[in-house]
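The same protein chain appears twice below, in two forms, each given on its own as structure tokens and labelled structure 1 and structure 2.
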Structure 1
């Protein structure tokens, strides 16, 4: 009887796990199915590499939206990674327990703030200085991914054996030299995986970038130009697509492109983390 119950519970948990995986597959399949009409009408190369976005004329070029998403994400990660790395090193290697107990909950609190609050903060404090631009969107996204990066980096640093730190200190290295030559070197794959996850998080953000990036469908020439990331395109236009032929299919294709980018970045991070775990054990 006990064995039968254990087997039943195990199978139930397995089915639930499989159902969660199937949701991802169904989302991808649904987006592909809705994208088929536009792919039959126009080539994927023209859709991805054209900047002409005129839905009423049947032109759906995604290049400016893809470039806008990548530019804002690159700015966000470029700002957030060094700051988060230094903060995680300090909390892991230098800060005392009392300081950690005060700061860590505040960092966790940042991850719980709704994205629209970050958007409002960006409009009120950053837009007057930098305008509606890729830079403003990047700064807002950087603040949003700080908690994710710091949390993952702290977990990565905990996997570094204390014996390696002690060996470095016993050979005459100071704390900073130990952090730089032992901690960072040993944690390099984990830092890379954390960065990839942060990129995925920034790519998929919608509300905050919609509020501060300006939403102009044109290729930016500098970080101070307005951009129109893919999530903002979908959120802004989904309600208007029914009256224009192929508009809904074009928006679903843009969602599929975004879904594919995030899927690839998450898969890369899992591969890196798996290799890190294999090296640890």
Structure 2
């Protein structure tokens, strides 16, 4: 009786586990199913590389949105990566336990703050200085991805064996040289994986960028120009997308593109990070 119950529960739980794993497949399939109508109507190349966005006359060129997304993401990661790297090196190699106990909770706090609050902050303090622009979006996103980057980088640095540091120090290198030549070199794959995760977080963030980027669908000429990233496009048009033919399909296609890109980025990074963790000794 007891083993029977054990097996029954095991099978039930196993099925449930399988079902949760299938969420990934379901999301992909669901978005694909909604995207098919527009893909039948227009070629993917035309959709991705045209800037003409006129839903009423059936023109859905995503290029301005794609360029906007890439620009904002590049600014965000360009700011966040060096800052987070330096901060993580300090926390991992230089700081004593008391300092870490003060700073890490603050970084955790930053990671818990909702996107909409970041948006409000951007509107209140950044927009008056930098306007509704790609730069503003990039700065807000950079602050949003600090905690993610730092926590992954700290995990990566933990996989570097202490013996390597000791060897470097005993050869007469100072602590910065050890960090630069041993820690950074040894962690290079992990740093790359962390960067890709940060890129995908920045690519997918919606509400905060929607509030500060200005949302003008045109190719930007400088970082001070407004841009209209893809997630903002999806979020902004849910209201009227049902009334125009193919509009909903076009928006679901952009969700599919985001999903596909971020899925691949995440899967690659996680594989690298798991490998690193297993190498640990």
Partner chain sequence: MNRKRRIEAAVFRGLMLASLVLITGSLAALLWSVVSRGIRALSWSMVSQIPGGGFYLGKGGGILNAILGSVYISLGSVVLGLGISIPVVLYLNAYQTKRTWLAGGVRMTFDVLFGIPSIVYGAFGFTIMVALGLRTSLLAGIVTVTLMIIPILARAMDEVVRLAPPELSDATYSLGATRWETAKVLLKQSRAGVLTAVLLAFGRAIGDAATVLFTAGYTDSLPGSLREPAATLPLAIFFQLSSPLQAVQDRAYAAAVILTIIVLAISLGSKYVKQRL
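Computed from a predicted model, the values in this text were never measured in an experiment. By rigid core we mean the largest C-alpha set that fits within 1.5 Å across both forms. Positions refer to the first chain, counted from 1.
Among the two displayed forms of the chain, which is the form predicted alone? Answer 1, the form predicted alone.
Superpose on the rigid core, then tell me if the C-alpha of residue 18 is displaced by 2 angstroms or more between structures 1 and 2. True for residue 18: a C-alpha shift of 2 Å or more.
Per-residue C-alpha deviation between structures 1 and 2 [residue 270; rigid core superposition; Å]: C-alpha displacement of residue 270 between structures 1 and 2: 2.7 Å.
What does the CA of residue 9 shift by between structures 1 and 2 after fitting on the core? Give it in Å to one decimal. So the C-alpha of residue 9 has moved 5.9 Å between structures 1 and 2.
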